[in-house]
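Below you will find one chain, with nothing else, as structure tokens; this is the form predicted on its own, and questions on how it binds or moves follow later.
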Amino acid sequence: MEFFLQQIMTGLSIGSILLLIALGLAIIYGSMGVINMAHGEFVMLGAYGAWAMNAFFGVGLLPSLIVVFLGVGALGWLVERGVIRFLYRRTLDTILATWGLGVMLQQMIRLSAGGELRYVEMPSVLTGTVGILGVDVPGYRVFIFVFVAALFAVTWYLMFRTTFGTKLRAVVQDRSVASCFGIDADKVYSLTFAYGAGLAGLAGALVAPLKSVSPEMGTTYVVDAFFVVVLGGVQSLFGTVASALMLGELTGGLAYLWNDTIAKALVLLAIIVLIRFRPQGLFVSRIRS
């Protein structure tokens, strides 16, 4: 039983990190239909933001989260206003533009902060372990799980219980009709993209103490994030949660039986098979026509 609980906790830890990274992408891709290949670089910028706040200003990780969210969110707003806005309904152009933007951001960080690995110190209050059902779980992993759960609750409330969320859903269903009712679709899209980018920045900052910070760190994260979002059903926030936890548990179990590399390959194979037979994802949001 103890071994089983340990594997469950490991899967939840992996799944919470996947959800943390994918949540911002789910907002952008699911609501706006924008395939943002620079999402991984927004994650990377969040990690570097946390490192810079500590290295140059002596600010710890937890207080720096607000600055990281606002900073990366502001950059996302500029990207939408300056680039994405002119490429809606041009999927290939959007992919190429955001991929090029990601490369530019990587090189800008390499030139300004250097290419060597950087490290973000874990908050001392979270360095211990927490006993859950007789299993010792790292305190920082528990914090990430609780933080992601709270962040998801805030995001769900924003999307389904606020005026902004109502406007966004109206624009997604029919932009022209929404505009006739006085909704500024351009403003709604800009704020949505900024919020999604800000969430990616938070993900990078929180993952930084667990992984080395480098200009290329976002590349693998964006692949995993797309897997989670597509498998979850693109427009379903709860589907994103379910797919992240499923992939986390599957990855944790397979990694224990073999190793991380084989686990990654088998999970990828499983996702490809599922998408082949269910391209709409496991969870589909029903929209009244």
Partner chain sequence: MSNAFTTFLNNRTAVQITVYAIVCGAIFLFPLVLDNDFLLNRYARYLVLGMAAMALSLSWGYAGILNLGQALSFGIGSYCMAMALKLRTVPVHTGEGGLPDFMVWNNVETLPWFWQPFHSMPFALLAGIVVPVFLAVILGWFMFRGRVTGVYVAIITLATLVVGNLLIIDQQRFTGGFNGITDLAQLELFGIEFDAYSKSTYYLVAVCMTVCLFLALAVTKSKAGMILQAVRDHEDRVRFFGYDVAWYKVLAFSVSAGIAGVAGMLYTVVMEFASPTFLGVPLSLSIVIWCAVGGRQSLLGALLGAILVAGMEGTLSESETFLDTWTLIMGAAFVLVVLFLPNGLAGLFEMLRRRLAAQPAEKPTEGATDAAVLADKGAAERS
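Residue numbers count along the first chain shown, from 1. What you are looking at is a predicted structure, and each value in this text was computed from that prediction instead of being measured.
The following text describes the form predicted together with its partner chain, which does not appear among the structures shown.
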Checklist entry - Ok, V146, L96, V177, V125: which has a heavy atom sitting within 4.5 Å of its partner chain in the predicted complex? => result L96
Checklist entry - What is the one choice in F160, Y119, F181, F86 with a heavy atom within 4.5 Å of its partner chain in the predicted complex? => result F86
Next on the checklist: When the contact criterion is heavy atoms within 4.5 Å, does L257 count as touching its partner chain in the predicted complex?
Outcome noted: no
Checklist entry - Does I132 make contact with its partner chain in the predicted complex, using a 4.5 Å heavy atom cut-off? => result no
Checklist entry - Does the 4.5 Å heavy atom contact test between V230 and its partner chain in the predicted complex come out positive? => result yes
Checklist entry - Is S212 close to its partner chain in the predicted complex, meaning a heavy atom pair under 4.5 Å apart or at it? => result no
Item to check | Residues G58, L151 and Y221 all lining its partner chain in the predicted complex, heavy atom within 4.5 Å | outcome: no
Checklist entry - With the partner removed from view, which of 165-173, 104-112, 132-140, 183-191 is the stretch that lies within 4.5 Å of its partner chain in the predicted complex, judged by heavy atom distances? => result 104-112
Item to check | Sequence-ordered residues of 251-277 touching its partner chain in the predicted complex, heavy atom within 4.5 Å | outcome: N259, T261, I262, K264, A265, L268, L269, I272, V273, I275, R276, F277
